[in-house]
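So this first bit is one chain, no partners, the form predicted on its own, shown in structure tokens.
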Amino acid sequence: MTNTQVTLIQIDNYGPWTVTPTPRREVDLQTMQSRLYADVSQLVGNRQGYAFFGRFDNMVAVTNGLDVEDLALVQESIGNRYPVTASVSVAVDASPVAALGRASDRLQDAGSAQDETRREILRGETLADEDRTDEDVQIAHFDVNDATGKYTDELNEFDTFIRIEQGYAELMRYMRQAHDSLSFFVGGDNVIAVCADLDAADYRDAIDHVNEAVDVDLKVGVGQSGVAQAAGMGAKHALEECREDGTAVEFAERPAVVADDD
């Protein structure tokens, strides 16, 4: 059974800040957002987690293996490096969707994302060491079949992006509604999904749905472990098996929990 620890990282009062005292240059905002995500990705990744940019002012991370003190350090680092602060909320559930829902509720209970008095909230529970298993996190790595041949080498970049976006948007929606899973575009033609305890039939169902809905053909590798990075590497290797064998769904063997050097 999966037991995913999901963390929501939300910039405090970001909308009003972007126009105070006057509207800030968009190029500066985009640069700050991308650098902030890169730092969060590194901070979480150094502790075996995965971070996804979401809407940039809101980031979602899979943080199995991190405790509240670790999350406080991530929050402190943001406050030290940037002209904005961030609030952090974490929850654990067999369903990644349910975990993110509880984490979101806790931040909303603390005040609006545009409430200037809400600063650096840190709420929620983390998975205790004694409750961790080698099956807590299931990661799926989706890839468009022959995206280069069908789109990149045939269409202009914007039309290619439209086709890829249609595929990942439909996949994100369907995986959330039908399979309690959170999916994130990670560049190129790749989507990484943080999943409940799904089986091969569930993944074939999602692939078939996307193909029928928007005519985008996918394959997926799936890994499962105690932390996101180990599960994600398993998913990458399984995806290579799909490429080599021409299959649509492959599962990796489940590696053990990777312990922190600390």
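Predicted model only: the values in this text are computed from it and were never measured. For every residue, the number given is its place in the sequence shown, counted from 1.
Another form, the form predicted in complex with a further copy of the same chain, is not on view; read the next lines as being about it.
Interface residue among Val68, Ala213, Ala200, Leu29, judged by heavy atoms within 4.5 Å of a further copy of the same chain in the predicted bound form: Leu29. Contact with a further copy of the same chain in the predicted bound form holds for all three of Leu43, Gly101 and Glu157, each having a heavy atom within 4.5 Å. Heavy atoms of Ala94 never reach within 4.5 Å of a further copy of the same chain in the predicted bound form, leaving it off the interface. Contact check for Arg173: a heavy atom falls within 4.5 Å of a further copy of the same chain in the predicted bound form.
Taking the partner from the other structure, a further copy of the same chain in the predicted bound form has no heavy atom within 4.5 Å of any heavy atom of Ala178. Interface membership of Asn80, defined by any non-hydrogen atom within 4.5 Å of a further copy of the same chain in the predicted bound form, is confirmed.
Counting a residue when any of its non-hydrogen atoms is within 4.5 Å of a further copy of the same chain in the predicted bound form, the hits in 19-35 run Val19, Thr22, Pro23, Arg24, Arg25, Glu26, Val27, Asp28, Leu29, Gln30, Thr31, Met32, Gln33, Ser34, Arg35.
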